[in-house]
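So this first bit is one chain, no partners, the form predicted on its own, shown in structure tokens.
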Amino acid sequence: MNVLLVYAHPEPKSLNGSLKDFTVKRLENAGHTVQVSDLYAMNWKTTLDANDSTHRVSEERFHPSLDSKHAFEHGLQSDDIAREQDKLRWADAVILQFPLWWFSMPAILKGWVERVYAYGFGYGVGEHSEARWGDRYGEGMLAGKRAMLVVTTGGWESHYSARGINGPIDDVLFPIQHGVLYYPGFDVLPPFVVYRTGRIDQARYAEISDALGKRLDALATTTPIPYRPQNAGAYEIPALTLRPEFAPDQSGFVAHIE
């Protein structure tokens, strides 16, 4: 497999840095080809703005989506965006690795998503009609590829349990897994989460590495999270609400999982 690891942590000597190196070595030893987008090392530009296009549609007003569409369709994107899109086209699987900061991904990784997922690439794809509402949520440019989160957090696992104060980890990660990954078509694997990062000694690190290694070994075979496809009949179109016969007693995030 071709595997793209998008990595977002500012300190190479951190736990995340060590796990990133471990991941690359484990995958390569298994015969996979790996590319790493180390966003901090790349000095990745976080903000989406008018400079993302080499030629603007209008110099009077910046329109993020329309300018993005024009640049993507006419080969006018900045080089850094185009390179990352090429990596995504190349990859069979993508791993996003990051520390959970304020219940989400670091700003630099969010900026990678906002800039690389251009109009026509990450969104705005496909027919919009009474029968379909675009190629998304199970379809799209990245359909057929796999994706997985590797996440570290200082909180205890119980803090992210079903009744934990931070909310269930699956709910916390839902906007990333369902929105950032499933939306453009990825098959999303269950996340690998490391808790209590401030309390990791050598023995605990060995346990984490062993568990992560097993997840990486099964990257091609792990069953994805069974999110409901948008255009397969479960949703009313164009309202995009679940039909009454699907998960009739459920609401919220869990209703969108089969």
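For every residue, the number given is its place in the sequence shown, counted from 1. What you see is a predicted model; the values in this text were computed from it and never measured.
Although not depicted, the form predicted in complex with a further copy of the same chain is the subject of the following passage.
- a further copy of the same chain is not drawn, but in the predicted complex it has a heavy atom within 4.5 Å of H9.
- Among residues of the shown chain, Q230 is one whose heavy atoms approach a further copy of the same chain to within 4.5 Å in the predicted complex.
- Although the partner is absent here, V113 sits close enough that one of its heavy atoms falls within 4.5 Å of a further copy of the same chain in the predicted complex.
- Contact annotation: D49 falls within 4.5 Å of a further copy of the same chain in the predicted complex, judged by heavy atom distances.
- Per the 4.5 Å heavy atom criterion, a further copy of the same chain in the predicted complex is contacted by stretch 130 to 138, the sole one of 145 to 153, 70 to 78, 85 to 93, 130 to 138.
- Contacts between 85 to 121 and a further copy of the same chain, taken as any heavy atom within 4.5 Å in the predicted complex, involve W101, W102, F103, S104, M105, P106, A107, I108, K110, G111, V113, E114, Y117.
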